[in-house]
Ligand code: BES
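A single chain comes next, written as structure tokens; it is the form predicted on its own.
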Amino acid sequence: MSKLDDLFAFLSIPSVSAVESHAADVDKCADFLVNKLTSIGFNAVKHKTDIHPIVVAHSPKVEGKPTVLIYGHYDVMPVDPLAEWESAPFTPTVRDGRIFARGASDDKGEIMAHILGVEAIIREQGSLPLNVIFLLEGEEERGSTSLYEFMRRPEAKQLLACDVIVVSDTGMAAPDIPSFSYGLKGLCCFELEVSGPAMDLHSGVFGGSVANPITTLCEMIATTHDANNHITVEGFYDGVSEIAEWERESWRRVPGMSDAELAQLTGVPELRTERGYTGAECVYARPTLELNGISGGYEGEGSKTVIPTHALAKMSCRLVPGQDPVAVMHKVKAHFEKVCPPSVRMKFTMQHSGEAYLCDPHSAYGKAAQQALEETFGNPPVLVREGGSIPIIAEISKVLGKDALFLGMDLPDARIHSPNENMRVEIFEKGITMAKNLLLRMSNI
């Protein structure tokens, strides 16, 4: 079986964790991982939860050597809009040197690269020179509910005891410029609903006399930012530290992250950053408050002239170290209560959240990781924080008392969470080599 055969078998399983009809597929994907890890000599166990399984696999014990915990998630995002895919999302296809499939970059490609890297060491040396634990969950794309519960079990600390945590669910700057990430943003999600009349009203008969919930909702959301794109929620920036000068200098050297390059990558005329910060600085180290979706009223073909009964906004914040996600949600709620006019009713619903994470990139394990990246890709890695969130990582690090290091393989054009998600074949193959180099270097610490 070739390297791509293993990956393609993994990618072909539609393990969409957020969709109930795919629950059996998520379970099948966990079984696939158990079988693969067992086949290379690991003791792999599928732990049942109330939602989707967690796979924990241990290599044979090597006394006196470090233990590396490799985290990943085998669930994937929904594929909508399906019509925008150039090939079926769960039929892996290679075009122009890229593997196209849902999960190719987020996060199945990275997981399989680590598994095949481990397998290569065993094949070449007969055994691993250190201890490896795989912790693979099936709910990251829906908030890691079961893994949070799993980490609270009394046996979790002993079962997952390690010296360092390795995560490959982040990005890299360019095909030949690896990234070593030492931080993740936190996250909190919530919904804001504004309701008005008891039924849809004729916009001519009642227009001008009854508040329109959609209009009011938009007005309320517009109060969250000022003309400098600074968030106006009282206390929102409490605990936020300024960016260190060495970080600013490092980020100026990241390929593809200048303001002009970011605008070109995203297809916008120009960036709109928080005043006083570059696009890279906003992505890596400034908190945000974003509107993710809005609905209300008639959305079908043609026109229907009504004042709707309600309007709904889905919103989220990306947070930085020093911010408490639950406290931030309470502050946002208080802001909306303050600006909500008496002509409508509002409902604020708090959803899942997770803390930001930051570690020391200059530790012994951090240096080994950077050396492995340079050995693999031929260039020293850039040191960055991630704009995205893996909320469970802060919890795992806290419970185990160990640093998490992020060695990403997602390129900026990998289209994660979007149609035509992809990973370059070259990057996948180098990922296998990187996984080998990483473990061999860490075995000497």
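From 1 onward, residues are counted along the sequence shown. Computed from a prediction, not measured in an experiment: that's the story for all the values here.
The form predicted in complex with the named molecule is left out here; the points below concern that form.
Residue heavy atoms within 4.5 Å of the named molecule in the predicted bound form occur in exactly one stretch of 390 to 398, 374 to 382, 53 to 61, 32 to 40, and that stretch is 390 to 398. Looking at L187, you'd find a heavy atom of it within 4.5 angstroms of the named molecule in the predicted bound form.
Not displayed here, the named molecule is kept clear of K48 by more than 4.5 Å at the level of heavy atoms in the predicted bound form.
At a distance threshold of 4.5 angstroms between non-hydrogen atoms, R102 is out of contact with the named molecule in the predicted bound form. Using a 4.5 Å cutoff between non-hydrogen atoms, H417 counts as a contact of the named molecule in the predicted bound form.
For the residues R98, H310, R318, K331, the 4.5 Å heavy atom test against the named molecule in the predicted bound form is passed only by R318.
M77 is the sole member of A156, M346, L130, M77 with a non-hydrogen atom lying within 4.5 angstroms of the named molecule in the predicted bound form. Counting a residue when any of its non-hydrogen atoms is within 4.5 Å of the named molecule in the predicted bound form, the hits in 158 to 190 run D169, T170, G171, L187.
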